[in-house]
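To begin, one chain is listed below as structure tokens, in the form predicted on its own.
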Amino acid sequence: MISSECLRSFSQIVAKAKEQGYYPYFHSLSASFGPEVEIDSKRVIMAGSNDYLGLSNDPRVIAAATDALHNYGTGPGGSRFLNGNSILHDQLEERLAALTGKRKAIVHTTGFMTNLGIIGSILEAKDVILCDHDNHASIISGCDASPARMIVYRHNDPSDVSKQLEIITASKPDARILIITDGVFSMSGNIAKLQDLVDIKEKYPQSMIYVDDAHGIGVIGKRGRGTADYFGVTKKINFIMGTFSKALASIGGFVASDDEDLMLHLKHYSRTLIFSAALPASSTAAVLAALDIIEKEPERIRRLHENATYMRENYRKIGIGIEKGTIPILPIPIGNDTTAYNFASELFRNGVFAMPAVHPAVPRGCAIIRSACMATHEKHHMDRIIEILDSLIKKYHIRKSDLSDNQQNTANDQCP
């Protein structure tokens, strides 16, 4: 158990941050209007949401959830394994399998629980997991729950994966090896080098690839089919995992695969599926409605990419060190944790809501403001965000030009 002294010290740190006005977390939203939200009776621009397509406030999604609420009630009454499974869950699994180009899909109640239950159930003690250094915390928890040994490889570095595979296969020739990576990394917005990983996998038939595509589904690939589709390697990926809390306007998670026997096993052995209440019908229906809209309105994804491109280009113009691209995750490099807290507080006072990410979400000394754009952001929203950022990055001296060449090289080596 954590010592009383540690707990007391942490409480004092939080109390001091609140007292001095830079504690940034657990803001209570009183209303959401999509690209704008209300907090403490103040309407601000939402500049950090994962609701990339803006479907959480779409009337059709809300209507589908409301209808399901009336038909099924507020809760499932049990796990899917027992009495909580509904036809909506079955329909959603069929739709998700089709979306990802796989034969079967299994829906869990949250994305975190998907990774925890599935990764923890795939392998045996003799096996090995190769895990990207920057993978989401839920993946790490899933690896910890697995009897297999976990080895961490350098972030988005296929050459290190190749090196580790060579070592593992030499020492453990009978081991199965699961390479796990985010498709789109949640903090940096980096896209995994899936083509390179697939090329490496082809040389090691005992290896498999598991992609957590929480931030790729509904965002990249043809009609939002995700990172594997983006690279054209869907058939080469063994497991595609995704969540509903980003582009799909709800909550929950799933995994999809072509291995029907293994999927049947996972459906009966994933503890987070067997021992958790099922995803409520209203949440399930919301995802189905979101999928309908994505299929019928591909322009939403195009609008998202246009907004992301506009934001990235203007971030670069005002001096923020960010790459070109169309991924809607827009990290603003800060460095120091306290600076990130103060920066976020000033953003909020100026009507822009975006949160700081500090260790362990990012490496120590690599704090960011994790901003993001949505398909429903209008130009006036984006221009206001850029205007405020322009002022603040000058005040805090965090423009790319403010750093010496040596500082930039150090930051590039340490921070994603």
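Computed from a predicted structure; not experimentally measured. A residue's number is simply how far along the shown sequence it sits, counting from 1.
Only in words, not in the display: the form predicted in complex with a small molecule, which the text now covers.
Student: Between the options S138, T339, T234, T272, which residue brings a heavy atom to within 4.5 Å of the small molecule in the predicted complex?
Tutor: Here the answer is residue option S138.
Student: Would you kindly say which of V287, I240, I119, A214 lies with a heavy atom within 4.5 Å of the small molecule in the predicted complex?
Tutor: The residue from V287, I240, I119, A214 that makes the contact is A214.
Student: Can D182 be called a contact residue for the small molecule in the predicted complex at 4.5 Å between heavy atoms?
Tutor: Heavy-atom contact with the small molecule at 4.5 Å: present for D182.
Student: May I ask you to state whether G111 is within 4.5 Å of the small molecule in the predicted complex, using heavy atom distances?
Tutor: G111 belongs to the contact set for the small molecule.
Student: For K201, is any heavy atom within 4.5 Å of the small molecule in the predicted complex, or not?
Tutor: Result no; K201 lies far from the small molecule in the predicted complex.
Student: Applying a 4.5 Å heavy atom distance criterion, does S282 contact the small molecule in the predicted complex?
Tutor: Looking in the predicted complex, residue contacts with the small molecule do not include S282, since no heavy atom lies within 4.5 Å.
Student: Pick from 120 to 128, 156 to 164, 214 to 222, 295 to 303: which stretch has a heavy atom within 4.5 Å of the small molecule in the predicted complex?
Tutor: That would be 214 to 222.
Student: Taking N115, S245 and G252 as the candidate spot, are all three within 4.5 angstroms of the small molecule in the predicted complex by heavy atoms?
Tutor: Every residue of the candidate spot has a heavy atom within 4.5 Å of the small molecule in the predicted complex.
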